[in-house]
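Take a look at this single chain in structure tokens; it is the form predicted alone.
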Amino acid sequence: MYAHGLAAVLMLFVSMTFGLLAGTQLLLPDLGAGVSWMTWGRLRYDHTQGILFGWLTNAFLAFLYHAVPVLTGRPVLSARLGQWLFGLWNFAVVIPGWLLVLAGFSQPLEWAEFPLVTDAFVILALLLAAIQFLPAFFTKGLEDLYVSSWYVLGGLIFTLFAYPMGNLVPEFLPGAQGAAFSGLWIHDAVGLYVTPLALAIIYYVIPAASRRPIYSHFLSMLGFWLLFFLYPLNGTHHYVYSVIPMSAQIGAITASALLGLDVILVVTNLLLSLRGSGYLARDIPLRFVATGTVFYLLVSIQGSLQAQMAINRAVHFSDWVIGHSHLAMLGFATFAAAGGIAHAWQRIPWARYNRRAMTWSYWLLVTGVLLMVPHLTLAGLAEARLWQSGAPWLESVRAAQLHWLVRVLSAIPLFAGFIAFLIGLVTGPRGAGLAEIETAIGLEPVEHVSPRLAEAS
């Protein structure tokens, strides 16, 4: 857990550097001219894949090492397997994937840019993760599983099938057929891999850190099944007005609208579960996941709206979509992941913990998100207006430049926030996290105050 947590933050800095360089090139197109590995496409590929694989997956794995034994009452399968999984993920997937992309080897597929040789190791690592974490759930019996457990099961199992579909199948199917499969993975990577594992963290941390059960277990499970039923239908909404059959497009648009209603249900349940914790929870990890929950609501409503044909016609290909993706990955998923790491870190008796640095991290990251996402959204609206007016394309570039500048400047609080987060994990007294828990919510066993979580632990 400790190794994955540190690797997650360190790889996040690398991924953000790729993103900062790519964003700066929109303002300074000659930056890196003549240097092949500095081309915009390669930097952008490494940025997105680094966030998905380097930052979020390492963060999720770190949290699972803490949560699975609590949820199941049994240890993960093998410490040796954990060492192999850590080495395989970081030294056979992320770092080689980055280097191969910079060298010019990649796939021209959204959220699947790492080359095929890397895909083989991703599939192997996902299989090892399933072997490491899932057996403990099945020994307990499905009828006794807490909702976090269901999200872990769904995320790991579904991704084992979805990843080959989106990364391998398009290589063998031409044109619209390959695009349709690629579109499914574009959405499933976020919706049925990142989202379930982020929600597993949120559903776990809220009762554990607030000492109150989830408001409604029924609504929790209803939200889970609606997510996994509706999300596989959504991918085609990336291809509205394309040659893919209109019936498939309408089905995806309808599913997107229904998914927005599902998210409203899920977030309502989570916010009701936070009653009594205050607008800003004293427990910093709980504060992170609560903010991530709000971002989840905003990004999901935005996604449901932009899937509608009238809105999609205006904003597709604009920076509105880039703002939407950053709100999902930097807002919702990153805040959930940061909260999950910090929550687990507090409970390592020998780990250092610095509350002041964590507090600074929270506020700096909120500032960065609130600078970046609204300006990208405004840039997208300005671009859409000019495109629809028939103005020369260069006018939309000029209209977006101020917003692009703010996006680059937003990297200052974001980098500072993640530096503070790292400082929070590696400085301060040893065991200070446990002392923080005792001050905030006490150290009594969770079953005394959170019976629904206790049922699964």
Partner chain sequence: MRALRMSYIVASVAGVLFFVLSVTLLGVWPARVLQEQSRNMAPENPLGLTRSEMRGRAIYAREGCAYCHTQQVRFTEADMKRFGAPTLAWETRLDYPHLWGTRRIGPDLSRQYQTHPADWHFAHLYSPRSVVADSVMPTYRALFNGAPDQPTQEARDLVSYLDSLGRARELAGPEGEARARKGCNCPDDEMPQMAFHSAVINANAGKARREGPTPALPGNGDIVRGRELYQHNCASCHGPRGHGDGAAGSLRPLPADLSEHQYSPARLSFVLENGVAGTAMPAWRDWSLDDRAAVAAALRELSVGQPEPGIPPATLELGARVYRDNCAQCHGMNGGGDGSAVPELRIVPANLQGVRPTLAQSIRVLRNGIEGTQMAVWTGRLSEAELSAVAYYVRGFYQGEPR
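Since we're looking at a predicted model, the values are computed, not measured. Positions refer to the first chain, counted from 1.
Heads up, the form predicted in complex with the partner chain isn't pictured, but that's what we're talking about next.
- In the model of the complex, P135 stays away from the partner chain, with no heavy atom inside 4.5 Å.
- Although the partner is absent here, L81 lies well away from the partner chain in the model of the complex, with no heavy atom inside 4.5 Å.
- The partner chain is not drawn, but in the model of the complex it has no heavy atom within 4.5 Å of D119.
- Residue contact with the partner chain in the model of the complex: L99 places no heavy atom within 4.5 Å of it.
- Each of A33, G178 and V240 comes within 4.5 Å of the partner chain in the model of the complex, counting any heavy atom.
- None of I284, L184, L156, V190 but one reaches within 4.5 angstroms of the partner chain in the model of the complex through a heavy atom, and that residue is L184.
- For the candidate set V426, A391, I412, L405, a heavy atom within 4.5 Å of the partner chain in the model of the complex is found for exactly one residue, namely A391.
- This chain is displayed without the partner chain, yet in the model of the complex the stretch 380-388 from 380-388, 365-373, 193-201, 289-297 comes within 4.5 Å of it by heavy atoms.
- Taking the partner chain as positioned in the model of the complex, the residues of 29-47 that bring a heavy atom within 4.5 Å of it are, in sequence order, P29, D30, A33, G34, S36, T39, W40, G41, R42, R44, Y45.
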